[in-house]
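The chain below stands alone, shown as C-alpha cells; this is the form predicted alone.
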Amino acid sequence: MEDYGGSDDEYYYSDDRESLDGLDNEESDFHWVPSKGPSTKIITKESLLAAQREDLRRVMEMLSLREHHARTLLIHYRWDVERLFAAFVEKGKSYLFTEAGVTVVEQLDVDSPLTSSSTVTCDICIEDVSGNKATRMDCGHCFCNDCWTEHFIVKINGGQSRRIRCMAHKCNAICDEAVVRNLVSKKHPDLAEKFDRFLLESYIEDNKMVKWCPSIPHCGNAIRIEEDECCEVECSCGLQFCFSCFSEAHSPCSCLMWELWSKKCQDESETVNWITVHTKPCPKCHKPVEKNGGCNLVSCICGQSFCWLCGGSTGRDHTWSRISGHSCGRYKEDQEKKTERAKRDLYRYMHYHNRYKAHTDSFKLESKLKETILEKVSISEERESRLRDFSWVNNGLYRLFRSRRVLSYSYPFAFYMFGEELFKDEMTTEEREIKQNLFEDQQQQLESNVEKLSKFLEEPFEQYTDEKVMEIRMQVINLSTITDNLCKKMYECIESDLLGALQLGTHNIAPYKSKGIEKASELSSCWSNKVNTADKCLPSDGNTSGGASQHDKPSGSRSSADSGCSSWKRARRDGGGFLDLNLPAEIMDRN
C-alpha cells in the first residue's frame, strides 16, 4: 500500500494534537493515556555530528580513551554502546581492546622518539629515511610516510577507511585517524575529505539502530530508534516505512511475508484475471495452457495432452467421436485432484488478493474524504447549533484510516499464515483449521465495524438536526473504540497464538499502536556544554607519530571554541570549501 499519510497537510498519523484525545467525553468510557515523547529521532546533517559525539563521549569517559580509540571500539561493536559496556564488564578491558584492534599508548615502548637527526629503515620499501619522514603507530610499528600514505590511499579507495589496519604482518591494530588524515591530506585533500565523511557517516552505516530514510529522492535524513528494531516509523519528509526491511509499513505482515506477497502481486496480479478466463492448468505440470484451435484435444509444451472440456489427461490419438484413452464420463479421483490443485491455488490467491486490493482501494478513496469532512465540519460550525465540538469527526476518520490499513495487510498475512508455503510443517491440518477460524472470526468482526464506521462518517451530518448529529456522534465514538480494541485483539492473536506458537521464530511484526505509526522527532544539534567540552577533561596521550598533528581533534568537526549551540550545517574542508553531508557517501561520490 502506498503512503497516504505522509504529506505535511495530512493529519492522521501525525502528532499528539491529532490523536484520539477527543474521545474523552461523557458518553464514552474510552480514556486516552498521554503518550511519552517520541522514541524515534531524526538525524539530519545538522545533528549527525552531535549524535556521534554523544556516543563517543560516553565511551571516552567510561574507559578514559582518546577519540579515535573510542571510535574504533564503537565501529567494531556497530555503535552499540550498551553491548560494548557489557563486553567490557564481562571480559575485561584487555579483551575488549584486542578484539577491536585498539592499542593504548601507555603500553608502548617510547624510549626512542623519532627526531630529524635519527634514521629509520622502512621495512616496506627497504630504504633509510630521517625520523621526521617516518611515523610510528600506537602499536609500535614504524614505516616511512610515503609507504603509510600509499597504504592509506589504497584502503580509502577500497572503502575500508573506517578500520584501516597497520601494515605490519599479522598486526590487527587500527591506525590513528589523525595520522591518516594528516598524511593523506598532503597529497590528496579530496581523499582526506572522503575519509572524514566515511568516519562521520559510520554512525549511520554501521549502526543497526540508525538507518537512512529510503525516500526517493533522498531527503537526507536518518532515523534512530531507541527500542525494538522491528518497528514502523515516519520520517519528517512524510514517508512511513518498516525499519527492518525499508519497505512500506506492512504490519501485521512480517517482513518475509510482505516481500513474498509484493513479488507475487507484481508477478501475478496483472495477468491473473486473464489466466483464469482464457486458460486451463495442464494436469501434468500445472502450467496454464491457452487453447488456440477448435479441437478439444490440446497439448501442453511439456508434451502432455488433455481434454479441454474436463481437463483430464489423454492420449494423442483421437477421432470424430472419441479421444484415445479418455472419456469425460469417467471419474478418476487421483487425476481430478491433480487437475484441481492448480485451480485451487489460483483461486486461493485471488480470494486474498481481491480483498487486499479492495481494502487498499477503499483506503485510497477514504483518504480523499478529508476535504469533504472539513467542509461538513465548517458548515456545521457556522450553523446556529448547540453542538460546537466536532473533534469526534476527525478522530473517527483517523481511526478509520488506521483500522482500514490493518485490515488490508491482514489478508496477505492470512495467505501465508494458513498456506503451505511457509508453515507447512509447523501445524497439523486440524491446528491450522482451528487457528484459521479464530483469526477469520476476528478479521470478520473488524471488517464489519470498519464498514459501519465508514458509513457513518460519509453521512451528510451538516444537513441533519442536532438530535440526529448526536446519534451519529455516539455511533462514531463507539465504533472508533470498538475498531481500536479489535485491532489490538487481532495483533495479540497474531503475536501469541499464531506467530508465537511457531518453532522457528523468524517472523516478527511491528507492534500495534493506537495512535498509528510514530512520527520521529528531530534530534537537536544543540547539546549541553558537557557534551561539547567533554574531551577537554579527558587524559591526552603524547603524540608518538612523526606525521601526525599534535591534537587529536574530532574528524569532520570544528574546535571546541566554535562548536557551541549554533546550527551546524557543513564540515569545512582544509582547502576552504564545504563538505555537504546531506546525502549518503555513495551518492556524493557520484556528484
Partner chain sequence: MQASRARLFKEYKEVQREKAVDPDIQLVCDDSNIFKWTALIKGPTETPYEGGVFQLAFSVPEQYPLQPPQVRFLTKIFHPNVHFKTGEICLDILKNAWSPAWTLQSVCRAIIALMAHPEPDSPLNCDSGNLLRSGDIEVINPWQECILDLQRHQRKGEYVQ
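Residue numbers count along the first chain shown, from 1. Being a predicted model, the structure only gives us computed values, none of them experimental.
The following text describes the form predicted in complex with the partner chain, which does not appear among the structures shown.
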Can you work out whether Ile126 and the partner chain are in contact in the model of the complex, taking contact to mean some heavy atom pair no more than 4.5 Å apart? yes
Should Val154 be counted as a contact of the partner chain in the model of the complex, where contact means heavy atoms within 4.5 Å? yes
Classify Glu459 as contacting or not contacting the partner chain in the model of the complex by the rule of any non-hydrogen atom within 4.5 angstroms, answering yes or no. no
I'd like to know if Cys300 sits close to the partner chain in the model of the complex, meaning any non-hydrogen atom pair within 4.5 angstroms. no
Only hit among Cys235, Met167, Ile472, Cys493 for heavy atom within 4.5 Å of the partner chain in the model of the complex is Met167
With the partner chain left out of view, which of Leu369, Cys147, Leu239, Met427 would have a heavy atom within 4.5 Å of it in the model of the complex? Cys147
Considering the partner chain in the model of the complex, find the one stretch among 482 to 490, 431 to 439, 353 to 361, 168 to 176 with heavy atoms no farther than 4.5 Å from it. 168 to 176
